[in-house]
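First, one chain by itself in structure tokens, the form predicted alone.
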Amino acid sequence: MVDGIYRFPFDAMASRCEIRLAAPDGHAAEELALAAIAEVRRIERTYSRYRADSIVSRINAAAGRYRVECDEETAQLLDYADHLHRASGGLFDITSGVLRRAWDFRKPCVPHARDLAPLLALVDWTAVQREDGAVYLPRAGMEIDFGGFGKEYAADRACALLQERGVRHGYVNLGGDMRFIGPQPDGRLWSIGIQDPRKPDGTVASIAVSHGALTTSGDYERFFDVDGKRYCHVLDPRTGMPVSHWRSVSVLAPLAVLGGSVSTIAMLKELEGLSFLAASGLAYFAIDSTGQAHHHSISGDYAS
């Protein structure tokens, strides 16, 4: 018998996170939540570029020198990265993380083209060699980074673990990227606010969700303004410069990893992002640089 909804806030992947789930009692809920949180932390340990012992760090440290054997999970993530690269026309490139060496969003300083040029020479997923379960980055200084969909993957994995253990009502929220297990115990949908990209404490829409995932990419988490122009952390791998057409793109999808990938690619495609979203067949809510909202097949109430 389910008699309550329990909330478990925690920090992971440099984000404020939360698990909400229905369980017979608080002890059972805590055991379930701790197992899900442990899975999130496992993925963070395994794929963080900030941990020297992660598989990502070992692959990057071997760039230009030798190949690194990959386990099946890592190989599947590399397969997905390859799919996203092709589906986006090369805009989604997990080797583009090197550009962060030129961008420090804690300081309002736009890097010079001469600083970006040597980094852009290292951005090239098509040059990455994969054979017999191993990966090789052919140029010294190249890097891969699963940050483009790692958090969403972790949300999906945590959700799957909870479902395997019998949870039928709840959700996993990793820094705003959310995966839903099912509606509230009384059948009501979860009402999720979409953040106003220009008001940290405001929302622009309320979306009703029970299953699947709701993910958002935007220009408001890491950015600085110079002379009235916003420079955000979503970088075009062809130029090394931030995108600017969209303030935020939210997507409803069956899986968080899919929704997050589509929202990021839409940001990268700039003006063409709207046609890309339409072609995806997924529900979306997007706000362009003028503040105009665009949405399709997404339920809920929209603020003006």
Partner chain sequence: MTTSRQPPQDLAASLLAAALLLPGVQALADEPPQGGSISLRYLDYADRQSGLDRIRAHSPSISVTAPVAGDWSIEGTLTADDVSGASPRYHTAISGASHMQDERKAGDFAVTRYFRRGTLTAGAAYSTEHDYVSRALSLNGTLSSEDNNTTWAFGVAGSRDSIDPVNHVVVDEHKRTVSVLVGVTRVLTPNDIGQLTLTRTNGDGYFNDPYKLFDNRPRSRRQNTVLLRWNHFVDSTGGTSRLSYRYYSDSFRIRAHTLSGEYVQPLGGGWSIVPELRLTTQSAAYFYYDPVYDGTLGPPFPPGFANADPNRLSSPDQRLSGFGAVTVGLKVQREIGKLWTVDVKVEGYEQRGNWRLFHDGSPGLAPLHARIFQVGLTRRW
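These figures come from a predicted structure and were not determined experimentally. Residue numbers count along the first chain shown, from 1.
Missing here is the form predicted together with its partner chain; even so, the following discussion is about that form.
Per the 4.5 Å heavy atom criterion, its partner chain in the predicted complex is contacted by stretch 71 to 79, the sole one of 216 to 224, 71 to 79, 136 to 144, 101 to 109.
Contact annotation for the candidate site: Val234, Trp246 and Leu271 all lie away from its partner chain in the predicted complex (no heavy atom within 4.5 Å). Using a 4.5 angstroms limit between non-hydrogen atoms, Thr203 is distant from its partner chain in the predicted complex. Proximity of Leu258 to its partner chain in the predicted complex: non-hydrogen atoms within 4.5 Å are present.
Contact check for Arg238: a heavy atom falls within 4.5 Å of its partner chain in the predicted complex. Its partner chain in the predicted complex comes within 4.5 Å of a heavy atom belonging to Leu84. Think of it this way: in the predicted complex, its partner chain has a heavy atom of just one of Val262, Leu252, Ala29, Ile55 within 4.5 Å, and the residue is Val262.
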